[in-house]
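In the block that follows, a single chain appears as structure tokens, in the form predicted alone.
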Amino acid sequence: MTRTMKGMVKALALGLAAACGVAVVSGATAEELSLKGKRIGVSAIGTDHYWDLMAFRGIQDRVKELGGEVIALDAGRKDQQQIAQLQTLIAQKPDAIIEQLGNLEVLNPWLQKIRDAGIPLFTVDTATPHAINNTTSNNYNIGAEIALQMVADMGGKGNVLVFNGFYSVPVCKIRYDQLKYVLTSFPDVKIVEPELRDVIPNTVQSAYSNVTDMLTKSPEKGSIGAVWACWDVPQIGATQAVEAAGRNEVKTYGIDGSPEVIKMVMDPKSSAGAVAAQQPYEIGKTSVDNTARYLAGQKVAPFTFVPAVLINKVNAAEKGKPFLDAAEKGGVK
């Protein structure tokens, strides 16, 4: 990525943080926090993806570390199941509820009900006006950063296959909008229409099939330059499809930092161009810390950003290892 591009991303990130009064987490503090005697409800849309699982674990581990009782519910990727679980949590009247990811169009009325019931609501990766605090990565930053890396690798021109199946998920909306914003400055980079739709379940298989079909329809080398997704599970299928087709000039890009994708980016022969790696376990823990501060009578910012790292072909050996080490420590390889 050029110095100019990096400057654009840094200015964007700092400006957003300053404008929104965002807390940026950069390291541990000596602050004493406690949830002794508190019950914390937790609702996650699913835990089948590495990011979701690690954030969910981080929340539960931190509640227990601070002496609290956790009521943790996993909706198994079913919107209506998550709604039912939120109803259950409201009825149990915990001291606070932490909600993790999900379809905002479905969730928002029920998040409002949590607040109406007088229960403090905190979220992880769910930007909603009903939350006291949303703990997340700076998705404006990483959305722009991964887009700029892709444009740089493409030499500022070419066609991009884009997966856009989860625009109703707040973080995907932000990342997609940042992609579109970056591309306004690079008119020779064009998104192939119609856009592709990533799905759950069978995400990898579906992405493989979709990208294989598009490569077959555009057999000339150079006719497609890159594949973009707002998360990195479709990137796995896309990378496998590109390599199976012998089209290694096509590079893939995604966000999250699943171990499998980081290993692909670290492999110089792989078509995985870059991934923005987040710290989901720390995001989960930080959300609990914000909850503890609030319940202790402290003020918390509406957003807390936990740093993410862009891992690309140049820095992968150095930047990728700490994330793989953290995953292995958490029992994921």
Partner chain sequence: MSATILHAEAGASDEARATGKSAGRRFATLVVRLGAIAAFAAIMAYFVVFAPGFTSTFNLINVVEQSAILGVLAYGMTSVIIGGGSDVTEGGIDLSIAANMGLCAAVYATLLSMGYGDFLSVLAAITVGMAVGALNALAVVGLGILPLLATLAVLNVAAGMELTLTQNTVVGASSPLLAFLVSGSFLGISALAWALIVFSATIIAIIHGTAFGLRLYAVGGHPEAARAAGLSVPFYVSFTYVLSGFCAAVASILTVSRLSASTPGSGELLLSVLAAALLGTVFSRRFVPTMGGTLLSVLFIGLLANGFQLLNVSSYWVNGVQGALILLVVAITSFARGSESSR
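Residue numbers count along the first chain shown, from 1. If you're wondering where the values come from, they're calculated on a predicted model, not measured in any experiment.
If you look for the form predicted together with the partner chain, you will not find it shown, but the lines that follow are about it.
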Taking heavy atoms only, is D74 within 4.5 angstroms of the partner chain in the model of the complex?
yes
Answer for L161 alone: is it within 4.5 Å of the partner chain in the model of the complex, judged on heavy atom distances?
no
Do F56 and the partner chain come within 4.5 Å of each other in the model of the complex, heavy atoms counted?
yes
Examine V106 and determine whether its closest non-hydrogen atom to the partner chain in the model of the complex is within 4.5 angstroms.
yes
Only one of 126-134, 79-87, 141-149, 209-217 has heavy atoms within 4.5 Å of the partner chain in the model of the complex; I'd like to know which.
79-87
Taking the partner chain in the model of the complex as the reference, which of Q205, S185, Q92, Q112 has a non-hydrogen atom within 4.5 Å?
Q92
Answer with one of L66, V70, A301, L295: the residue that has a non-hydrogen atom within 4.5 Å of the partner chain in the model of the complex.
V70
Going through 165-198 from first to last, which residues have a non-hydrogen atom within 4.5 Å of the partner chain in the model of the complex?
R197
